[in-house]
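For reference, the chain that follows is the form predicted on its own, supplied as structure tokens.
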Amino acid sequence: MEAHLRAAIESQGPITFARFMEQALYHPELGYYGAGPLPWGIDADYVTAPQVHPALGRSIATLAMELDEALARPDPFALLEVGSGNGQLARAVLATIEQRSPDLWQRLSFTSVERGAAARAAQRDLLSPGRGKSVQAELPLSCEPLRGLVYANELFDAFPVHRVQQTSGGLLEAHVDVGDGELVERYLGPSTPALVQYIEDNSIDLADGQVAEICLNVQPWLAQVDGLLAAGGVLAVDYGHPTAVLYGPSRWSGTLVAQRRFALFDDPLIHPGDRDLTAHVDFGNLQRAAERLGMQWAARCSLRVFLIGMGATANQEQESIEARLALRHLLVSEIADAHKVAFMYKALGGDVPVFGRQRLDAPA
């Protein structure tokens, strides 16, 4: 991957960090999420909630069943997971729906979207019994308007980001260049006026010298989903912050990290293609993007609140001691605090599912 990037830069000149991140993660043969080993295997690089316990999948299934009622039980009910990895989360969602709602299971149309070829290959068993199930690389570009639920777990944090720095002379953008035979970072003029526009639209106030990441892909992604979804909900699970916190003084150097074998690295240019690259999500921008599209923003809560509110701690006596310990570990882990769950919806004819902290206060 590094040799590929060096050759491209030496031929065409410096590239934006966003372009570097796109290639390092998603190049079909050389990228981290390309055809290489899965990061959730025996030699894992990180663990997500579905690897710890199926509670997240069961909670998403509960939300889908409630949305089904709010949509007056459409046929089909569309369930779309984007950034589905090896399919572990989808397996828990589908198993819960099949067990708890046979009627919905008969009407269910499930689509899994995953860019990585190796991860898609690990999902082959998702295609077995059930109606209208498919696994594909990209979001469907054209299809009948969907009625149902679109959900994504740790998708936005892996969207390529532009790295910027505020200076007394204006905004600069990080580009990746070659110096002394190695990849180096250079701050040049912004590659697109959309970066300055993002700062203005989101009322971001960067201090002189502060470095930050800007993701320009969230708005187009949500607009594409909005175009696919005639009625229903969108659920996003990721780690991030409100805009004022994400771009505040406590994040002076941004949030971008490289990760491998559970270790975090500050230099994202070393060993591209062999390490994960992530940046925290601007949930304030996500909310504003949804509202600009005419969606209703329900709420944002911690993963712990979402799981408990959706009944993750109920009926534990029916599970093994190992499963109960795994759920306990998940609920007290850093994942449960750092990960946030956001829900937005459109064109619901029935009662909107109670979400977030309001669900904890709802009558039993």
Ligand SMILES: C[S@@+](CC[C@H](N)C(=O)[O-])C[C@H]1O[C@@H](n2cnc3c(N)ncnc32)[C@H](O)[C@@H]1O
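Bear in mind the structure is a predicted one, so any value in this text is a computation, not a measurement. Quick note: we count residues from 1 along the sequence shown, nothing fancier.
The discussion below concerns the form predicted together with this ligand, not included here.
Residue-level contacts in the predicted bound form: of A158, A258, I204, L171, one residue has a heavy atom within 4.5 Å of this ligand, and it is A158. Of the residues G254, G83, P76, G284, just one reaches this ligand in the predicted bound form with a heavy atom at 4.5 Å or closer; this is G83.
Contact with this ligand in the predicted bound form, defined as a heavy atom within 4.5 Å, is made by none of T16, L188 and Y198.
With the partner omitted here, the stretch from 177-185, 107-115, 265-273, 163-171 that lies within 4.5 Å of this ligand by heavy atoms in the predicted bound form is 107-115. In the predicted bound form, this ligand lies within 4.5 Å of some heavy atom of Q51. Within 4.5 Å of any heavy atom of this ligand in the predicted bound form lies no heavy atom of D226. A residue is said to contact a partner when one of its heavy atoms sits within 4.5 Å of a partner heavy atom; Y26 meets this definition for this ligand in the predicted bound form. A residue is said to contact a partner when one of its heavy atoms sits within 4.5 Å of a partner heavy atom; Y46 meets this definition for this ligand in the predicted bound form.
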